[in-house]
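Quick heads-up: it's one chain on its own, the form predicted on its own, in structure tokens.
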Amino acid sequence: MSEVVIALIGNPNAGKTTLFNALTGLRQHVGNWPGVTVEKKEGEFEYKGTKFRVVDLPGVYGLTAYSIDEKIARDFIVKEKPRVVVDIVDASNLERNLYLTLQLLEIGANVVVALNKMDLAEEKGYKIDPKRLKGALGVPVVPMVASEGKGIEELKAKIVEALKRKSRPVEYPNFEAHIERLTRVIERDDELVRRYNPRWLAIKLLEGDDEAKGIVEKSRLRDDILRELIEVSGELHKKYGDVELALADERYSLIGGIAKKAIVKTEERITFSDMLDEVFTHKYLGIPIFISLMWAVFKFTFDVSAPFSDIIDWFFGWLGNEVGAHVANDALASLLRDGIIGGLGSVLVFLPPIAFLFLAFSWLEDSGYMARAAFVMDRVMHHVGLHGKSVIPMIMGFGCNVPAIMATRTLEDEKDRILTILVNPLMSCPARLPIYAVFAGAFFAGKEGAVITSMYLLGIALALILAWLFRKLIFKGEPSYFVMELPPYNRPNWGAILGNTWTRTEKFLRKAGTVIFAGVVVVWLLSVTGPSGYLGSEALENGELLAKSWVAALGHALQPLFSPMGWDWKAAVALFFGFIAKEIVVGTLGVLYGVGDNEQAVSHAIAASGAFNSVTAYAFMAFSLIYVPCLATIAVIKQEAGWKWALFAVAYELALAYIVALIIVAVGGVL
């Protein structure tokens, strides 16, 4: 069976992910773009005897390559030349979305327009004639409502039909003569013609695109092309001044004409989304609503997940005892019971709260509220020196810092991008949740939700303060403003919500099954062995034996560093192993206190140990929030910003964590 590569592209919030899921179902996988660390989704479907490999390109507003996402999308279309490019156009925002469509036609892509959200367009009072839009653009147009599965089969049929057609170039009347002059010179280089669309290259050269200039620099006809470019650009400059701006005006003029033909009826209406926005984006109510929703999310997460965590607690406790009872060798029995089963259980017991947290965040994202949260917080962000686009990676940090740092690639300015990367780890990812849950349960019974919410707010506050400080001292200058498009509120698409939840939960499971699991087993090994050799499984329950272990030696070496906060050597060891991943902290404490994977037992053991009180426990939670989140986050900072900033992040986070914890202990001791 032959395989055809097609690409999906569209503006953010146009419904690209929904359409991708509808086309490919479960036949998807995630990989990386060659040479970069941005993940790409691929899937496949079969239709009428042909297998289609679908590549989901980043959501972009244009193909000017100002941001890394735009460059990735443009490079894929220009260099990989997919047979069909499905451009998802938001029918309720037709004119703005058509800007990308025109740029796709400039490249010479074989475009099929998926005119999505037709229901929303009608709700807003727009009536669009797909046939007229097809006539104006010269490409197939499929009206659809992807969230309800409407138009999917028609789109597949149009994709098959499009395989037999040739792309139609878009023409700009006021520039045609100049574009053609330059195109004719470029076409004399066979190698350029083989690799690129000459007409697109000519337009990009007229816009002063650096990448296009770099392509021409390698041409054997470099001098001829640049000479013609200078002449043509000179003529256009005399006529229009800024040529790039004039070309953009020409595109918008063309778009205006197309929209005028396609929109047959306009009747502006106030939609339900508009009314909701009056409340959720209110100048004074917006932030309190945001904080209240975050608190509700955490309350929901812990209340609903508690029974599931109890079942996992019980199962791994039972399994460990059963396995341990049937293995005669003490070392092997302890390895299986306390190391492997106990270690795995100590991590998996937090799977329910993490999965429910992802579920809540996915619902907020799918409903359209997260964009409002970004809008509301943007006013605050800008005051502290962060770019408005920094809001999205910051919110993503609540889910996981690794993809959140990758998401900073949408920021065009390098200073803004690195500043956002540096403060992103202060956003409290779910890996810290197990620590919060255990300590809040031990010392703040009945107030767990409020205490855990305060950790998230502390992270946000520190990120804003640090951003302001770094902007003043290191990244001097003002961040630029940006205009954010608010998507309409959506009815819950549970297929997409559950899909996102599973994708994120699966990452936690993979991490739990590898790095975290290995880390907990290492802690067990260092606990039952010492300079004198194997101490026996009793070391996990006998304080005198445990004091002779390697892990005790490590803890006692580190303890002086943390003695100002009143933490014992077990806490020091837990924080040390937390460098690998935050989930290991609780697993380590479970091993050191000899209670294995039982969450409540870990809480009770910590509360009964006398090693903490409510103040030092809160300081421990704050330290865990602030210091290095995990090795994976440091690795991705190094990839995105280089070693210098990765080491800077480690240094400042450790210093900040220490200072904040010390302040909490000092202030708490006075109160």
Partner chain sequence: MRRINLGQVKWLTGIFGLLYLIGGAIEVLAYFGKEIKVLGVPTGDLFAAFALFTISAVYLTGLKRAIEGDLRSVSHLYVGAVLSIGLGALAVLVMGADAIEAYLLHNEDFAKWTPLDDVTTYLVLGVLSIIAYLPVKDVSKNPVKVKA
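Positions refer to the first chain, counted from 1. Being a predicted model, the structure only gives us computed values, none of them experimental.
Same protein, other form: the form predicted together with the partner chain, not shown, and the subject of what follows.
The stretch among 84-92, 291-299, 551-559, 224-232 whose residues place heavy atoms within 4.5 Å of the partner chain in the predicted bound form is 291-299. With a 4.5 Å cutoff on heavy atoms, residue 307 counts as touching the partner chain in the predicted bound form. The partner chain in the predicted bound form comes within 4.5 Å of a heavy atom belonging to residue 453. When the partner chain is considered in the predicted bound form, residue 447 lines it closely, a heavy atom lying within 4.5 Å.
Of the heavy atoms in residue 220, none are within 4.5 Å of the partner chain in the predicted bound form. Note on the partner interface in the predicted bound form: the residue among 278, 210, 414, 176 having a heavy atom within 4.5 angstroms of the partner chain is 278. A heavy atom within 4.5 Å of the partner chain in the predicted bound form is found for one listed residue only; from 498, 332, 285, 461, this is 285. Looking at 105-126, the one residue that comes within 4.5 Å of the partner chain in the predicted bound form, counting any heavy atom, is 123.
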